[in-house]
Structures are given as C-alpha cells and as structure tokens.
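You are given structure tokens for the same protein chain in two forms, set apart as structure 1 and structure 2.
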Structure 1
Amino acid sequence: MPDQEQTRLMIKVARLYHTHDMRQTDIAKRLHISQSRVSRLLTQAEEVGLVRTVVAVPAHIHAELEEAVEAAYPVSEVHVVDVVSDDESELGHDLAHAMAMLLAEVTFEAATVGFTSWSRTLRTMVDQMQPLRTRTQQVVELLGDLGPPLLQHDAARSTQRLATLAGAEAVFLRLPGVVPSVEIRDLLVSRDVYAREALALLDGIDLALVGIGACEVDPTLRSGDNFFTHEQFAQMRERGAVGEVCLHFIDADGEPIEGELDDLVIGVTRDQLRAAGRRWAVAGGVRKREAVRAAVKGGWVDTLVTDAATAEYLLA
C-alpha cells in the first residue's frame, strides 16, 4: 500500500504521461527523478487503479442474439461477448472482463453477495473488477474448498478482494467443498462455528455470482481432490446429468438430479440458490455449452454472460 506522498507522485506522473502526453524521460527530468522510476510509478498507478484504460467495445454488437436467447429461455438478461478467440483460457478472460464491466455499472443494492471463488472465470473477473456500488455488507462463499491448498489460497484471496471492492466483509467457508460422507460433513459443520455462520447467511442471498460446470472433473482440479471423482461424475452422467451449478447436478432440461452426492457437498443448497434475488452466471466455450443450456433452461440463472458461439448453440 503506497503512502500519501507516493500516491501524489503517481498521480502527477500519470497525468503528465497520459493527459499531457509527455515522454517518461521528460517527466523524469522535470521531477528530478530517473526514467525508470517514472516507468515504475506508472506501472503502480495502473495496478492501484489510478489509471484505467478501457476498450470501449460498442455495446451489444450481438443484440439480436441476446434478444433471441432471452426470448427462448426463462432468463431475464443475456450478454453476448465478442471474444477474441475460442481458446478456453482467453475466452474465460474475455467473459470475465465483460462481467466485471457489467458489475461496475450495477445500480441495484445487494446486501449479501454469494460468490463461487473456485470458478476460475469468476476469479479472473474479480482481478479485473473496479469498486462496486452495490452497498454490500457481506460477500459469502457459496462453496467450500475444492482442489489443492494453493487453489484454496487463491480462492480466499479472491473472495477477500471482492469483499474489499464491494466495501463489505468477507465471509469464508473454510471447509472442504466435497467430503467423503454425510457423517464427516455433519461433523465438520458442527465443529466449525464460522462455517455455520456462512451457511446461515446463504438463506438470504441478494446476488449470487456463479459459474456453470460441465458434468466432468474440471481440468484444473483432480479427481477426488476435495472434489467428486471421475466415477462419481460418470455415475451422474448415466443418470442424465449434463452439468452442474454450484455442484448441483442438472439434466438436459435443467431439472435437478437428486441423489446421495448432494449430501456430500458443503455449500449453498438448491433451495437457497433458487431463493437468491439475482443469479448471475458466466460461462461459455464448447466444453460447457450443454451445461449452459441446461442451466438457463432450468432457470438456474437470470443473467447470463456468454460468448457468441455458445449463444448460437443455445438457439440451435
């Protein structure tokens, strides 16, 4: 956290550079510092968010697509993003960016925001986000930890950052997201007062930010690693599952597939999710498109951010 003086300097440099179009060398001379320092100050200014550069993609280039999807599915708002490539990671990046922009413009209030920090797209989004004006009091994690400790760390950081940006308190759910048995789940929950608080908050979510998963082991996770196994996924697919929202499996029509796996998850329940005021989802790409269709068809999300290819798939 840069101090007062540093910040003043950053602003001064940033303005001389960006608004007055001066070269770094000239700024350096003028302020009697080295060019390298100017360069570093500028980098900092970007990091801190003092300098923002936005690429104003003409909004709603895909307006027809959006309207068509909105008409065909029980979803209130669809945003179709013009992605630079269909490569999964870049696609995620673009979707994340778009959703960050969207959230920045939000005007409604949302005292309790639910957040799935294990979705990579959502974490990317948080990294790109600017301060929110949702008057949020708590940001609650919707699911326990998944994957290895490193990922858990990332997830926690992400939740924390979102909370900070929203001017809210971060409420963590620092338990495994998937456990081997109901007994273990109950045991863990009963012994963790923080987790119980978090789970209780999930009853009154105003805005849920969720991802949508294909019915398979996420490529970034490992089978069984605080997560369902390949076998468990296979089993659910046999029973018709094509995707999941917050680890709740749904079939091609978006109908929930109940089963014993539900009891192995520590996180938001189906009912709690359905009861959330707004449910924003971001997902796209070939791998997930079936899941996306199921999720919107079943009304699991009311605002969807996706790519053009997926939107077209939804209409096909």
Structure 2
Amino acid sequence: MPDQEQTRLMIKVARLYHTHDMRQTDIAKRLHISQSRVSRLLTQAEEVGLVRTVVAVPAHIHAELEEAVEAAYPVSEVHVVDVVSDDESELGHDLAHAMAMLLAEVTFEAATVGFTSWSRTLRTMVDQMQPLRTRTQQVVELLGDLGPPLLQHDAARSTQRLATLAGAEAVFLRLPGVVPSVEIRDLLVSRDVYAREALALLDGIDLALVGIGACEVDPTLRSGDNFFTHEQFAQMRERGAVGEVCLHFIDADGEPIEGELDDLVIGVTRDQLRAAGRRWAVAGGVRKREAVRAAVKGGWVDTLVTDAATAEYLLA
C-alpha cells in the first residue's frame, strides 16, 4: 500500500470519479493536479483494491482519531471518513457510502430494524447498499411523514428497498410526523390500525438507524410542513436545545429537554430509543456538529459514522 497521504488522495479522486460522476479533467481542476496524475491515481486505486464495484476505503485509516473519540464519549464504535468536500450534499453522499459499506460488512441478529426514512443521508445510504447479511424480520419507520408528498414517497421507497435488501417486511408509519396538538395525534392514531401496529413494534427495536438534526428547520423541509415551525425551534433553543435525535430535543450535554413538543411527534419515543439494542447514526458537517456531540455525549448513539473535521471537533 502507498503511504497514508497518497492513500487519502487516491480515495478522494476515486470518490469524485466513481461516486460523484465527475470527469477526470474536472477532478484535475478541482484538486489542482494534472489530468495524467488523476488517471494514474485511478489506476493505482484499482491495483491496490481501493476500487472494485464501489470505492472500498481501508478500515480505520483514522484509527487514532476514532479511538480518541471512543475513549472520550460513551460510544462503542466511531468510523471516521475522509470526505471530498465540506458541501453538505457531497459530504452526506460520502458519509452515506461509508455507512452502506459498514452495514454490508456486519452480520448479527436484528429482528426489528428501526429506520429514519426522512433522513436524506440514510436514504442515500439505502440507494448505495447491497443485500445485507444481517438477519432481519421487519424494517419499521421510526417517524411518520415529514415534508411534501414527493419526500414522503421517496421515504417510503427507501423503507421498502432497505427491507428488500434485508429480506424483511417493510412496516410503514403513514401518519404526519409532527401534528398541531395532542388531541389530533391521539385521534389519528386511534383511527389507524396500521399505525398502531408500527408504533407497537418500536417497543422492541434491535437496531435503530437514528437521525440527528440541528436545532433548526431542515433545509429539505418547510416550517410547519408536518414538521416543527421556526418559532418552535427558537423556543427550544431558548431552553438550551442544540439539536434533536429522532425529533426529540437535547441540550449540549445530551440531556432531553422536557416539553410539550415531544407530545406532538408520531414516532419513536425517547424511552423506546433508549431501549434499542443498537443505535447507529451517520451525521457530520458544520451545521450538525453541536447536535452530533450532544447525541454521542448523551448516549443516544452507540455507533457513529462521521467526517474527520467533525471527529476533531468532538475532541476539541
């Protein structure tokens, strides 16, 4: 294998070419190297096994950084990824790819997998996945519908694809993820037997694929669109919230912030999430750093896939 810096450059070039569909000339301009060097790096990446049908990043290339984060926080595993850009869309693509590879490599019993289907990174992960070796019976959505119908359709498609790859049954939660009042929540749940069955399954989650969000309206959603409003987020920030885990607000130490907004969510509860056998999350980038730190510090996540800059932030 080449030295570590050369390996990182090969990974970056390979990702831009194979997973971001960039031309070699554009990669050369972006990285300020010659096109002939880009070509050589792609060839070398294949020769050393970094590129097969996907970009195969060597495990634990950031071993010291991963071990330092694992020692500093109550997490079992941290996987640190070199990303090609700080742009949130490109960063999410690389993190999703790493999470897909991680899930493909492990084998364990997880009869019930909880899936945050509205997470853009997790949906991208599903698009890149191969059939799983983990033995699963059902994949159930952790939250109801968020956002416009097109996003809801995409979320349902991802849930179905993940279930197919796991050889499992897809269990959908086709109610709004956030509602205006407790009365509306209770009425909707009482009239939907399928929703009640899905919510009951969340009592026994073996693996939760957790969504971590900043304490603001997600860029892919609109204020109040089956979601919290700008005013509700501002209210929680005033009370110390720095982020949310599956729409449950937490402060900088990862402690839950009690309040009426929890009662407006149709989905996994804090207690159900805490009781899950495993809680895996993939998140990073500047906008989510505080939320990621709070989630790992509070024990809401036991396996984290993140970028190198976010991992360094966790240690700083």
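The term rigid core refers to the most C-alpha atoms you can superpose between the two forms while keeping them within 1.5 Å. Residue indices: 1-based, along structure 1. Every value quoted in this text rests on a predicted model; they were computed, and no experiment measured them.
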Note to self: Only one of structures 1 and 2 is the form predicted alone; identify it.
What the structure shows: 2
Check: Honestly, after the rigid core fit, is Val69 moving at least 2 Å at Cα between structure 1 and structure 2?
Finding: no
Margin query: Rigid core aligned, does the Cα position of Ile11 differ by 2 Å or more between structure 1 and structure 2?
Written below: yes
Next item on the list: Would you tell me if Ala308 moves between structure 1 and structure 2 by 2 Å or more at its C-alpha, with the rigid core held superposed?
Entry: no
Next item on the list: Would you look up how far the C-alpha of Lys29 moves between structure 1 and structure 2 when the rigid core is overlaid, in angstrom?
Entry: 37.9
